[in-house]
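So here's one chain in two forms, each on its own in structure tokens, numbered structure 1 and structure 2.
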Structure 1
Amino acid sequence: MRYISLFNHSDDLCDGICLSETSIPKPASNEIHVRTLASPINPADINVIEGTYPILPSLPAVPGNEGVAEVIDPGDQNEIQKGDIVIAANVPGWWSEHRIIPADKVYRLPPSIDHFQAACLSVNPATAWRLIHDFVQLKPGDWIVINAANSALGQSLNQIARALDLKVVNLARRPSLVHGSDTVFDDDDSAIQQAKSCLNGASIKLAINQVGGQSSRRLMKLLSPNGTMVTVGAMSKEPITVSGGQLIFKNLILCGFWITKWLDNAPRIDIEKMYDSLADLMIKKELEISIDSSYPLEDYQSAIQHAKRSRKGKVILTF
């Protein structure tokens, strides 16, 4: 089988990775043998390859944080059948034609699910689900505010919010790429007044920050007193600066969230319920991640270069 091997971290993305070949490993009794169908190239994958992600695998490693696969051999698992379409929670190493995955990390999806959508389900939609459910009590009609609104995470936040009758103020560098919302603003200081006039005095209790720097300052300006800003990304690579006044007089709560940690600690039943709900939304096309393009595994260099550039959705590796 062919797989991508990361043997050296490098800024020049394709310097430290290569296409390698090995025999397909044999599963143990509590493991499942799957054939990979598709895997996206996420910002975290690029950071791992570059060596800038805070948690790095020991090298050599197989990159790829999420993906979708078809079961080849379910081993001794009764609930999983040959041919099932599955994802896994927190088992990096997706850029490989075949995988052996611990059975307790595998989650079955409806057979009719679109493979590219399924490949993007386990990280961004799951993060959006947790962000909307776990931090602030929101009721129908409530507002949240987010930046990088056209990202896969931003799309997931918008679509899950819509399903729950929540409203979203969207800030984006490229507002034209945020679909299905009429409260989308350029992520610059003009957004603050424009967004406030749309709110008509309504409060915003939750902000989701994927960017940092000036963009996170704008989110804090839009949050209401006692509001919470959850940071999940640092796309601008700039630090979050907060004035004392935002903490003392507005009593903002600033915290972070990492889906990897949540998936590591959550009971299987909670993960299963969340993935079932997300798959259901995907089947109904109420949750749909924009896909920019797909590349076969052997074109990984072009795929990674493309994922690093400006694009209109996810770049997907196919196997």
Structure 2
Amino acid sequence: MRYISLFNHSDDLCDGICLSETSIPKPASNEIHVRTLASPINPADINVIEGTYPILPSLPAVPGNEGVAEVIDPGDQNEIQKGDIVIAANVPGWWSEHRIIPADKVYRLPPSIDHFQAACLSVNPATAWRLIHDFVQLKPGDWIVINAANSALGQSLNQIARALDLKVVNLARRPSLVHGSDTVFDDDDSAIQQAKSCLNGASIKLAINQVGGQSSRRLMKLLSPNGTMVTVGAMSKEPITVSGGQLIFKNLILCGFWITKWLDNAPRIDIEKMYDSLADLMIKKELEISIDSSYPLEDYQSAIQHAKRSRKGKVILTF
């Protein structure tokens, strides 16, 4: 089988990786052999290659944080059959033609799901689902506010919110890239009054912060008393600063979230329910990941360079 090997971290993305080949390992008990169908090149994958991601694998390693596969050999598993379409929760190493995956990390998807969409299901859509469900009790008609609204996570948040009849105030550096919402504002101080005007007095209980710095301060200004801001990214690389007044008089709650940690600790039934719900939204096209382009595995260098500069959607490796 062929796979991409990361043997050295490098700012020049293709200096530290190469296409390698090895025999397909035999699955042990409680393992499943799958053939990879597609895997996106995410910003976190590029950060791993560069060596700038906060948590790095031991080298050599196979990159690829998520993907979708077809089961070749289900081993001794009764619920998973040969030919099933599956994803795996929190098992990196997707840039390989074949994989041996622990059975307890594998989740079946409906056979009708689009493979490119399924390949992008386990990180951003899952993060968006948890953010909407786990921190504040929301009901149809409630508002949330997010920054970096044109990011992949921002797109998932907007689509899932729409499916659940929630409303979103979007802040973005490039508002023209945010589609499907009428409440999109430049991420500067003018957004505060503009957003308040469209709210007509409604409260905002939940803010999703991907940026930090001044952008996160704007989110806190838009939050209602007793609101919660959840941080999932730090794109600006600037610290989050909060005034004493925000904490004392508004009683804001500030916390963070990382889907990897949630997947490590959540009961399997909760993970299954989440992936089932997200797959259903994808099949109904209520959740649709923007796809820029796809490349075969052997053209990985062009694919990675394209992914680093892409602003139109995910770049997919195919196998």
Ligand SMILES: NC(=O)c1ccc[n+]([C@@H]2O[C@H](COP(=O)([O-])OP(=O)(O)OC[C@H]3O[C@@H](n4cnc5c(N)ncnc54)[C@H](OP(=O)(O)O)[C@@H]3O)[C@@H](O)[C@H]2O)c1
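Rigid core here is just the name for the largest C-alpha set that superposes within 1.5 Å across the two forms. One-based numbering along structure 1's sequence throughout. None of the values given here were measured: they were computed from a predicted structure.
*Asks:* Structure 1 or structure 2: which matches the form predicted alone?
*Replies:* Looking at both, the form predicted alone is number 2.
*Asks:* What does the CA of Ile304 shift by between structures 1 and 2 after fitting on the core? Give it in Å to one decimal.
*Replies:* Displacement of the alpha carbon, after core fit: 2.5 Å.
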